[in-house]
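Below you will find one chain, with nothing else, as C-alpha cells; this is the form predicted alone, and questions on how it binds or moves follow later.
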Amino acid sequence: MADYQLIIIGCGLSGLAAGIRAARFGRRTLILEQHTVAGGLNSYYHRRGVLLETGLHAMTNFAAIGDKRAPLNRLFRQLKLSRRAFVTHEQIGSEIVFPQLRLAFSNDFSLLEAGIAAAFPGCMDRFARLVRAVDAYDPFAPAPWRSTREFLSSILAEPLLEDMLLLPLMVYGNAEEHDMDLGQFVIMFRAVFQDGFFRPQGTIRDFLDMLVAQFRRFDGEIRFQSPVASIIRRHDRVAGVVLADGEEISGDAVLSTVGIPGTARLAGWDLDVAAHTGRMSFMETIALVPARSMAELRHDRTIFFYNLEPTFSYQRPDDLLDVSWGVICFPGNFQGLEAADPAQVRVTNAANYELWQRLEDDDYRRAKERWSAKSLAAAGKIIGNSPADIVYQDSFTPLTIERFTAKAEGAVYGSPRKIRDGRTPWPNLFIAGTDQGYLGIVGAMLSGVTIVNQHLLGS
C-alpha cells in the first residue's frame, strides 16, 4: 500500500483547497511545501511590526451569503466551511484611468454601465449585447483558442472602450501577451466586473490559518521545508515523489500546483517547456505611509488601473519595468475597515524577467531602488506624489515571484497554454492552479477542488 492516496506539491491556495476536499472524503493526503509557510504567492511577511501581504490586493468573485450559484459560496460548500462565519468587506470602488477619460466601477455593475453610457453614449446597445454574450458563454467547455480582441471589436467597435475593459482583466489574470483567450476573458469579466472585489476580515495569514486548520481537521498532513526533487515514474504511471534530501514518498496519485514547466521538470515530461512558459511577470512596490500624510494622495478608490499612453499594450517590457501602465492598490480601502496607521500603497507594473535575471547582486539591489522610485513617480500622476515621510518601502521582482511560487520566469499567471482538464501524459498525475486556467484566489481554490472532484473522488 502506498504511503498516501494523494500527494500534493505546493501549499498554495489551489493545493490547500484540493487537500481539504480530498481529506474530507477520507483520502490519506499529504501536502509538500518547500517554504516555511503556506500560501505561495498569496502569503505574507513582517516588516516594522506590520504584516505585509504578498499577493492579496483584493479577492474577486464577491458573493452575498445565500447566492448558491456564486463561485465563492460553492467553494465554501465544497470545503465544508461556514460562509456565514466568513466576514467580507466589499471594495469602496475602483477606477480605470486613461489619458482620455476614466471609468469607475464597483460591486454594483450599474456604476460601470452608467459610466460607459456617459463616456460612450452610442455604445450602450453594443455593450448590452457584449454582456449577453458573456452570460451565455461557457468558458470551461472544450474549445479552440479564440481572440478576445477580435470578439470585442466585432461587438463594440470602440477601441478605447475595448482597451479600458481589457486593462483590469488582463492585469488581474492573463498569461498571454497582447490578447487573451475568449474563455479567459469571460472568466475575468464575471469575476471583476459582474461579481467584484472584496477582502476577508483580517489578513491573508488569518485566511491561510483557517484553510490549514480545516485540512488538518480532516487528518490531512503538511510538511513544510520539503522541496520535491522529482516525481517517481513506474511504467505508465507515477508512483510518488523524491524529496531534495533523497527521501522517497509513495502515492497513488500526485497533484502538482507548480505549473506546467515545473511539473515537466519534476516528472521528466517531454514537453516544449518554452511554449508553456509565460512571459508576463510583474514588480510590486509597497509603501507604508503615515495616516497623516494620506491626505496628500488621492485615495478614494480601492484600486486604480492606470494607463498613461493613448493605447494599452499588454506585453513583457523591453526594459526592466514598464511604468506607463499598472495597478495602484490601497489595501485598506474596503467598506467597514478601520483606517490603518501607517496605511499601505501598492504599485504593480509589468517587468522583464530575463533582464532582472541577468543582474548581479549589487546591480539588482540598485535596480530595485531605481525602478521603485520610477514606479511611484508614475503612480503619482494618478494619485499625487508620494509624501516624503514614507515609513517603509519594499519591492519584489519576477525573481522573487519565481523563488516563492516555483512559477517559471516569475509568470504569476502561468502558461499561455492551459490544460483545462488538468491531465498529463500519466493517468494519475494532475495539474491544478493557474495552468489549469483558473485565476484569482477563488479561482485557484476551485481549480484544486475541481481536480479532486473530477479525477480522484470515487476512484
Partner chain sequence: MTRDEIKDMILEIIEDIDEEAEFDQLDPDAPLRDQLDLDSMDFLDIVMELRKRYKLQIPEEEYPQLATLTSCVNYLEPRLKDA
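Just so it is clear, the structure is predicted and the values come from calculations on it, not from any experiment. Numbering follows the first chain given and starts at 1.
Below: the form predicted together with the partner chain, not depicted.
For the residues Arg74, Arg346, His299, His89, the 4.5 Å heavy atom test against the partner chain in the predicted complex is passed only by Arg74. This chain is drawn without the partner chain; in the predicted complex, the residue among Arg370, Arg149, Arg132, Lys80 with a heavy atom within 4.5 Å of it is Lys80. Contact here is defined as any heavy atom lying within 4.5 Å of the partner chain in the predicted complex, and by that definition not a single one of Leu41, Trp325 and Arg403 is a contact residue. In the predicted complex, at least one heavy atom of Arg69 sits within 4.5 Å of a heavy atom of the partner chain. The partner chain is not drawn, but in the predicted complex it has no heavy atom within 4.5 Å of Leu51. Within this chain, Val391 is remote from the site of the partner chain in the predicted complex, having no heavy atom within 4.5 Å.
Proximity of Ala2 to the partner chain in the predicted complex: non-hydrogen atoms within 4.5 Å are absent; the residue sits far from the partner. Contact with the partner chain, judged by heavy atoms within 4.5 Å in the predicted complex, is confined among 429 to 437, 42 to 50, 405 to 413, 25 to 33 to 25 to 33.
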